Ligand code: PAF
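For reference, the chain that follows is the form predicted on its own, supplied as structure tokens.
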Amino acid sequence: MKNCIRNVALLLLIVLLHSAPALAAPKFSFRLGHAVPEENAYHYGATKFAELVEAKTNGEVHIDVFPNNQLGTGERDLIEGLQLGTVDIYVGSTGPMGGFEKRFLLFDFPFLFRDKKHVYSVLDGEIGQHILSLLDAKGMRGLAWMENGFRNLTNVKRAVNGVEDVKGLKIRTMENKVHMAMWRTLGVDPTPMAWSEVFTALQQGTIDGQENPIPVIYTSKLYEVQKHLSLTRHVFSPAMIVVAKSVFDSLPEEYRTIFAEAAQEAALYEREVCDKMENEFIESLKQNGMEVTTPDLASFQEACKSVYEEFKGELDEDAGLLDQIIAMGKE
């Protein structure tokens, strides 16, 4: 009798399993890459975007998130991947984008933004939307503006309280000609280097320091190889959610709308995360042994005026946007 009952139960189980509807596979699957660790705000924004898209499409679009340079050896490599078809979606800074569309250099001019309120009045307004639209001609579709915060300087040699203190330092920068010109103007030896190589270079003394927003400095554990943090806030580092144009164009129109809406929601969420991280991580960096200074920025700003004259012409017909942004900061 027991065997009979067991066999009937097994038969019922088999019938139920075969009659249950199979989970539908997604119609579209994409790969999203970024260059930083999972603790960084970028990753929070990227995963939020993936979750929102999947929810809003009822699972018909699935996005796998690959952090920490898994799809490339740096942000430039990931952006090239968008054009080559090896990366579908990119989350990252605008720093290397000037090498693809020179008018993105607009956001790299030193000491351009007063504060974050000023930043987002620009990025979320006509100027920011115009700059994003320029990516279409480069095989990319810009969806939304995130952030990485204001960039700050770290080094192993000395505290920086004024412009004289940076002279002679060898500092890793992104491969961005405006950033590099700024540092040369200040007497620094700027050294472009893929982010994946920076920690080892600092550890070995190949370079003296680097410059990045606070969340990157902390989540990359630079306090292990750097002694001094200077809150120079020399450049604001916008970030973006960008999708390969071929991918975006392959989507049904309703999904394109969902991508745009989800990107904006994810961007607003990421900004909140970044703000919270910045405030918390400065204290954590102090607790981990970094000496933090707030330099007098007037001397830095004065020294950097020549950078505006050198590169303003690179913006072509959009050169006037620089004056508009500066004026918006005075409102």
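Residue positions are given as counts along the sequence shown, with the first one as 1. Please read all numbers here as calculations on a predicted model, not as lab measurements.
Keep in mind the form predicted in complex with the named molecule is missing from the figure; the text below concerns it.
Q) Is residue 53 close to the named molecule in the model of the complex, meaning a heavy atom pair under 4.5 Å apart or at it? A) Close contact is absent here: in the model of the complex, residue 53 is far from the named molecule, nothing within 4.5 Å, heavy atoms only.
Q: Indicate whether residue 274 is a 4.5 Å heavy atom neighbour of the named molecule in the model of the complex.
A: Contact with the named molecule, no.
Q) Taking the shortest heavy atom distance, is residue 82 within 4.5 Å of the named molecule in the model of the complex? A) Looking in the model of the complex, residue contacts with the named molecule do not include residue 82, since no heavy atom lies within 4.5 Å.
Q.
Residue-level question: is residue 146 within 4.5 Å of the named molecule in the model of the complex, judged on heavy atoms?
A. It does not: once the named molecule is placed as it appears in the model of the complex, residue 146 has no heavy atom within 4.5 Å of it.
Q: Could you tell me which one of 182, 216, 97, 89 places a heavy atom within 4.5 Å of the named molecule in the model of the complex?
A: Only one listed residue qualifies here, and that residue is 216.
Q) in the model of the complex, which of the listed residues (255, 195, 150, 113) lies with a heavy atom within 4.5 Å of the named molecule? A) It is 195 that has a heavy atom within 4.5 Å of the partner.
Q. In the model of the complex, do 176, 234 and 304 all put a heavy atom within 4.5 Å of the named molecule?
A. Answer is no for this spot.
(Q) Based on heavy atom distances of 4.5 Å or less, which listed stretch (44-52, 31-39, 277-285, 262-270) is in contact with the named molecule in the model of the complex? (A) Within 4.5 Å of the partner lies stretch 31-39.
Q: Between 62-83 and the named molecule in the model of the complex, list the residues on our side with a heavy atom within 4.5 Å.
A: Stretch hits: a single one, 75.
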